[in-house]
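Subsequent text provides structure tokens for two forms of one protein chain, presented individually as structure 1 and structure 2.
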Structure 1
Amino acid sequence: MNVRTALRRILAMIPALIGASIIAFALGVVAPGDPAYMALSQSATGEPRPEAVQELRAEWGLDDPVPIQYVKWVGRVLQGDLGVSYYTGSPVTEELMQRLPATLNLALVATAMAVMVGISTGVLSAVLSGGALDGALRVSTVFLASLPGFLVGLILILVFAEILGIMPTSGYGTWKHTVLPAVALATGPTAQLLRVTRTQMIDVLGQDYMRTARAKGLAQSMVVLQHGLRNTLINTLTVVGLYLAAILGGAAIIETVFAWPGIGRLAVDSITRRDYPVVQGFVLLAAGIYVLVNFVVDVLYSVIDPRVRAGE
């Protein structure tokens, strides 16, 4: 991929980011309550003085016309200033950054699980296409893809934590805490990946170059792994990127089920506390990550697939 295409891809992210920023900003404008009053009543003891509220309103430019407020707000956001949490009184950026590693940790483990299990079983299913194992895998795929993650989480807690008692019900810290939420988060994407990989692999197995490879005298396993898998992965990669993004979204729910201290649970808690600056920050961060992941997938795609590179 040359510099020009890279630049074009980067520019293509801008409308989405502007859209996300407008939505996040609108959230702050539409949200009930005066932000200046809320912030002061949080940091000070007792009722804040009206003059102090007025001062802060002036400082934050809350009396300006909305478009000007937006520009100023974007300026502050670009400097990493997302405002102050009404609930804790500390900067939203700090709150989010404190929680982000936990979410990324969970999302990455879940993605890794989904990729490993989904792709390997998908290949297996394709190679043994039509057999009993393939049939069993396909039926379970339909089943698992229909189960919402939080329900998988509940069932896992019920079985492994409550009944068998071999895993903790919730919390954060050791690898044991990670297993159940990661499995819950990975279930849906794993089923989807299995399906996509299987379809792609069956497609690839029917190609001429596969016949050539076999005609050369390569062992079947080599043919499948070297030629088949590589070509399958190209198309599967796009899907993985989308699932990583979806996993980040789903994390909000799974994190709440397992009391996982990530940004998703922070967002859900903040909604119940009417802590709008934090929700606003979460929306921006989630959209940013989502757009970025899609961008990276786009770039990777063209790096891996020579045809895409040549086509540009």
Structure 2
Amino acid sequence: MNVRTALRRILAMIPALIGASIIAFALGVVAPGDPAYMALSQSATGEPRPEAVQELRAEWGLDDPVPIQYVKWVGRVLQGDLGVSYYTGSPVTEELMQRLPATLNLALVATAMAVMVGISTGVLSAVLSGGALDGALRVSTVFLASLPGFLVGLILILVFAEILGIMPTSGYGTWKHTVLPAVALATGPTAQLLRVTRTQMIDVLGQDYMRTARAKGLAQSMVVLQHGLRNTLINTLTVVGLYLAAILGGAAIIETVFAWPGIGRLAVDSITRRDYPVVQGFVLLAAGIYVLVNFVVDVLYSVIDPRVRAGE
């Protein structure tokens, strides 16, 4: 990717981030309840005094018109300040950064599982297209893709933690704690990757250059992996990038099921507590990660496929 193309892609990210900031800010504005009243209610034993509520609203700038609040909030965000948690009183940026490594760990392990299993089984299904194993894999794909992640998580807990007793049900710190939530997160993406890879490989295997490679006497494994798989990676990479971004931003349910101390669980807890600055920070961070991952995927396009560089 040349510099001009990279700059054009970066500029295209700006409207998406502005839209995400508007949505994130709106969540705190339209949400029910008075943040100042709720914060004082949590810290006081009785009913908060109206004067104290009004003073706190003025301190937080909640008495300003909504457009003014948004401009001030964006100004703080650009300086890395996402506000202060109503519940803990800690900076939101600090709380998110403390939880982000756990979510990154889980997301990367789940993505690696999905890539290894989904692509390998997709290639195998394409090579054996029409056979019994191909049929079994296709049925499994439909079944696994239809299962919600939280249900997969509950099934895994029941089987491997409660019945077999070989995996912990919750916690964080060792590889055993990572396995079950990562498998639960990877199940859906694995099924989708299998389907995408199979479809692309079947199309590639029927191309003229593949028949030419076989006619030259190349081994079947080399034909499939070197000539076939590489030509499917563009579409597969798109799916991988989208799922990695979705896993980072949407792991909230799985993290809650397994008591995983990531940003997703923090967001769920903050919604319950009506801790809107944390929710706003989570939405903005998730959107930023999604946009960044898509930019990285665009860069990788030009690395994998020379035709993309030529098109630029």
Partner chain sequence: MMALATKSRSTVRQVTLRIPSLRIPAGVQWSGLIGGSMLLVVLVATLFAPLIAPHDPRDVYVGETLQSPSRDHPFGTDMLGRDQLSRVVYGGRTALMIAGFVLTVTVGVGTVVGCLGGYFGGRVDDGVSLLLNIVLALPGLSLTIAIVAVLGTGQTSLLIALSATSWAWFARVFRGSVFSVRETLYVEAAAAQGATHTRIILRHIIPNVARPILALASLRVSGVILAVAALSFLGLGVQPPIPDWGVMLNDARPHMRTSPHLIVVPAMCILMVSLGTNLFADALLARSGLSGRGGRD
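All of these numbers come straight from a predicted model, not from anything done at the bench. Just so we're on the same page, residue numbers count up from 1 along structure 1's sequence. If you superpose the two forms and keep the largest set of C-alpha atoms that fall within 1.5 Å, you have the rigid core.
The chain appears twice here, and it is structure 2 that represents the form predicted on its own. Comparing the two forms between structures 1 and 2, the rotation angle of the smaller rigid part against the larger comes to 15°. In the rigid-core superposition between structures 1 and 2, residue position Trp60 carries a C-alpha shift of 5.4 Å.
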